[in-house]
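What follows is one chain in structure tokens, specifically the form predicted alone.
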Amino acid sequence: MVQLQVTNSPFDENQVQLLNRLLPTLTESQQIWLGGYLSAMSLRGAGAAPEAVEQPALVQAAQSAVSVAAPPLSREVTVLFGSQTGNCQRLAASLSRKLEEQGFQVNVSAMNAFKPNTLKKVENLLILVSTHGEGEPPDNARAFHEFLYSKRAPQLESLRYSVLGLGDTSYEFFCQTGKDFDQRLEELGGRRLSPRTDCDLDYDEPVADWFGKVLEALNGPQNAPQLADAAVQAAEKADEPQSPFSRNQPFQAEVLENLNLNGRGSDRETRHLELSLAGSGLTFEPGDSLGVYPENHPQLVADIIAAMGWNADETVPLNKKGDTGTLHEALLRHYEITVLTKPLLEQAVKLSAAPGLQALLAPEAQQELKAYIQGRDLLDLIHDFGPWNASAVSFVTVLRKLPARLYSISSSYNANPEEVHFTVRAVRYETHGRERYGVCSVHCAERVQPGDTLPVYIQSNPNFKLPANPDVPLIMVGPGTGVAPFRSFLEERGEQGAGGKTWLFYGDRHFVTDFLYQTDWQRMLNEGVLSKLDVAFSRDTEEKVYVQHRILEHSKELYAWLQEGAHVYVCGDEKHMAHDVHAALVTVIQEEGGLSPEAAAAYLENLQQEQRYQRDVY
């Protein structure tokens, strides 16, 4: 910027010094605003009466000058989603439609389908991403996440962005992937359109609030009220299927069958449930999940009420909508009471007279807090940190909504019209001196009989789908209940009369008692729907054998299937099994393809990009 001097300007020495200190500090928009303000001031010199040009008029004139002189805000928006089970993908599609209705040009894409080297051309970026496993990105966000943290990531000074994270506050690394993206984009020079929003399982309201702020930033504050209303409507419709029943309005499905799949003498109990969808309008595809709203254990509910000295028939709120019911009903069907989270303890501390709870929440006690939360429930909290200065009404309002449990659907709709089957293993264990159990699994195992109903909805999963071509070979890896979706896949292939060959890797503890759906697999082998079956029963041999070992044993043939275009599907435990299977696949590709470890990993990554390697892991 040219320095002002007395000789090249109409200002005296003192004014020149002041202006030379001020002008270099002004941003472009500040300079434009100031120009507009000075233009408005000149109205006084054009004959306007002093009282006719008050301060608000000057400001308005300056703002008008800015709107004329400043470059228009970009109407192009890029929406990227990273999603394992489909929630972020559905939200991204719904909110993108709302942006288009507002006149924006929208490019919506999965992160793994987006060319990261074009990021430097993007001006407005919205990221919707879930967090998976121990704070890891979902599969279709991994490559983009790695790119941003690599040396190839560009500087993004012209980027405006905002991040929406989906997660679960019961996990230590709550919404970590969203936090990663938010921080890294700022480090690369991006500016936030609006602050990041981290959503728990009940995400409708925070999503609507985030989207309203994003729209305000993109459109300008003058449209804020209307845009906020539009955002609420968009978020409410994000999960709206063809059926009137959804996550927010589940269908009461009648239980047709409830069978124990394990043989006599097994130390496991795995239930196969068949539900009627008649009259619901609900349909699904292989790979989708069933959301089931369970009931808490009646004994735990009674123990909590007794420990607090409450009246089970007292009227309390059931939700944020204003519905009310008895305390017993609220704790049984509406609020989570088996999981402790840091946000819950931060609310509960206001109701407790015990100093120990405050100490547990101190910044220096993070490890102690983590250890305490693990494996404890609301009854533990009540016993450990009394006395409580809390009514039933005040206590339930700090509790989280009881979330649905998602289960891979184990049937084909075409093979079983108006029915849905799912598979659940009962979880029972002892910790901290008490018996514990999985809320939904034990509800299904112990208290659900044919003729009862379960509140359910369909959760579509676009990231775990059969190939469109029925002649494409399938390789399926699903130990334990992870085999459930492959029963659905193979039933569907049978209905299609598909020509593609299929290979299932299945594992569990004991052949005699734990071979889930054994008669189904045998029938499918006889019919030719299932081409190959390899099993691993870890407790039947001195040395434990798992599905990854079977994969390595058939290395040459498996690689040949991959070269023929086979799609690979993995379902089940994410923490151990999925990592071990992934490593085994890399080894197969490396050894049989004569590749380096890096090239083999890139081969598998490419399969993932092409949707030929899909995982439904938890």
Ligand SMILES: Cc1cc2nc3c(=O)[nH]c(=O)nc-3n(C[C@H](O)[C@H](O)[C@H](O)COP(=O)(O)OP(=O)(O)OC[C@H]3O[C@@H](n4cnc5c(N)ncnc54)[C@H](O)[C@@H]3O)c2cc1C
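Numbers follow the displayed sequence, beginning with 1. Please read these numbers as outputs of a predicted model, since none were measured by experiment.
The same protein has a further form, the form predicted in complex with the ligand, not shown here; the description that follows concerns it.
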statement: Note: the ligand not shown here; in the model of the complex, the stretch from 249-257, 522-530, 153-161, 429-437 having heavy atoms within 4.5 Å of it is 429-437
query: Taking the ligand in the model of the complex as the reference, which of S352, S441, S280, T78 has a non-hydrogen atom within 4.5 Å?
result: S441
message: Within 4.5 Å, heavy atoms only, which of L406, L273, L261, L466 is in contact with the ligand in the model of the complex?
response: L406
- prompt: Are any of the heavy atoms in R425 no more than 4.5 Å from a heavy atom of the ligand in the model of the complex?
  reply: yes
query: Within a 4.5 Å heavy atom cut-off, is T85 in contact with the ligand in the model of the complex?
result: yes
- prompt: S289: heavy atom within 4.5 Å of the ligand in the model of the complex?
  reply: yes
task: Answer with yes or no whether A484 is in contact with the ligand in the model of the complex, where contact means some heavy atom within 4.5 Å.
output: yes
Those residues of 588-618 which, in the model of the complex, come within 4.5 Å of the ligand by heavy atom: D616, Y618
